[in-house]
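Quick setup: one chain, the form predicted on its own, written in structure tokens, and binding and motion questions come after.
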């Protein structure tokens, strides 16, 4: 647990009680019960797994007993004596081998409700990151066509993670790596040249196998025909490949930026692989690694499995990735002297690490085989001072699109895939974004066009947005009746209302936990739970008028419940903002 200088009254309840626990441990140190200087990093302050056991739980006695050479339950008893000095603690019990569960008075939760109102859009914002710079690279699709749904999930996960990290106190660089130096962009240039000749009036027939067939290249070819006329129609490839490649990549990046903008995604940096090569960055990385004895010239191991008859051992510059947990050393150049993809990727990460304190990559699951080697590279390149910078790779599984239970067929515009733009246009940005975060990213996902727009509890985006819409509808109805939210009678809120506050009060903890784990889906899961609790409370009023938010002839209780509803809405709104989803006022 880390203390901050923020005044206690302005900090969320669980952060306040983390300090209460720290101060209690300080007191035990002064009394000699605990030796001084014990590490407290593993001490937690969280709600018990079972709400019936209390409001705040800590494992402090369990994790400190062994280094203090004492019994956990005996230490827990001494700790309880200190914790119960806080007037908000109405009781504390030892559970299991030494957990401490505390119960708080209702005033503590009413104060948290006031804190939500005072903090507003900043409720849940954290200083956890301490201003450290995190580079989040996501999407990084090859610039050969429009965005498709294979890119969508990683795009949303990366963008939500970047927002989450910024909210948790990090400075964030949102980066896109343009793979514009490989063979695929030469194929793009040849495909565009075909469309260029077509625009000049040539009957090109069916698109040959091996070229990109999508209709999206037709306007690119037309633009080139207008720019160059017929000078490259019959020219050898060597004359037109570079200018066509440059212009085609630029046109694709315009398209990709537009597609991402439909999802509300905007990057800070677009790093070009071609620029990386032009600036000599791979050679510079190789020289640095050689200086540190991390590259040597050796024979590449034979490929695993059946080896081709014409395979021969070749001496290549090999990176010592086995020193960093990889299963074999990796070549950074090919036999012809050109860079391997790994060699270029290594240099790219070297470039990124110069401007960040931590790196996060969001990759498709099909890149799982390269995780070990690039992690080894980053550990080597950033560990010269003895401590490599944190680097995480989050793998995202593909999304299967379904319509009426059947896989969706390809798009003519793309030639081979369903475009992101088509899906966003059909179901809306909010639906796409929330749905992509409604499951852990490493889990398979079906995106059923009918289910993602249905108005039911089984549709998470509807369920959460509907909770916010109900809050807003209630506040509008009260306003028309001349009723307003008020704190004057918060002491009249009962157990059901306090349970809602207890759940909402976990939002700041969820933010810090999700940011530390690099898992934005935790926010979506929390919002679904909070929405479910709100709907359950709302439904009480269907049969019991005394449980409605607007209670006839009781303005005091009505004002308190309206204040509660407004703050539940605020928490939902804050969470949805981090996910890039609109907090709907009506549905």
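Residue numbers count along the first chain shown, from 1. What we label the rigid core is the largest C-alpha set whose atoms superpose within 1.5 Å from one form to the other. Everything numeric here is computed off the predicted structure, so don't read it as measured data.
Below, we turn to the form predicted in complex with the RNA, even though it does not appear here.
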The listed residue (142, 163, 486, 382) that reaches within 4.5 Å of the RNA in the model of the complex by any heavy atom is 142
Picking from 395, 133, 253, 89, the single residue whose non-hydrogen atoms come within 4.5 angstroms of the RNA in the model of the complex is 395
task = May I ask whether 101, 473 and 541 all come within 4.5 angstroms of the RNA in the model of the complex, judged by heavy atoms?
result = yes
- prompt: Can you check whether residue 150 is within 4.5 Å of the RNA in the model of the complex, heavy atom basis?
  reply: no
Quiz item: Heavy atoms within 4.5 Å of the RNA in the model of the complex: does residue 456 have any?
Solution: yes
Just checking whether residue 296 would be counted as a contact of the RNA in the model of the complex - the rule being heavy atoms within 4.5 angstroms.
no
Does the RNA get within 4.5 angstroms of any non-hydrogen atom of residue 214 in the model of the complex? no
Given 242 to 250, 182 to 190, 487 to 495, 423 to 431, the stretch touching the RNA in the model of the complex at heavy atoms within 4.5 Å is 182 to 190
Those residues of 552 to 587 with a non-hydrogen atom no more than 4.5 Å from the RNA in the model of the complex are 587
Note to self: residue 112: after superposing the rigid core, is there a C-alpha shift of 2 Å or more between the shown form and the other one?
What the structure shows: no
Worksheet entry | Yes/no, residue 495 Cα shift of 2 Å or more between the shown form and the other one with rigid core fixed | no
Note to self: Is residue 327 displaced by at least 2 Å at its C-alpha between the shown form and the other one when the rigid core is overlaid?
What the structure shows: yes
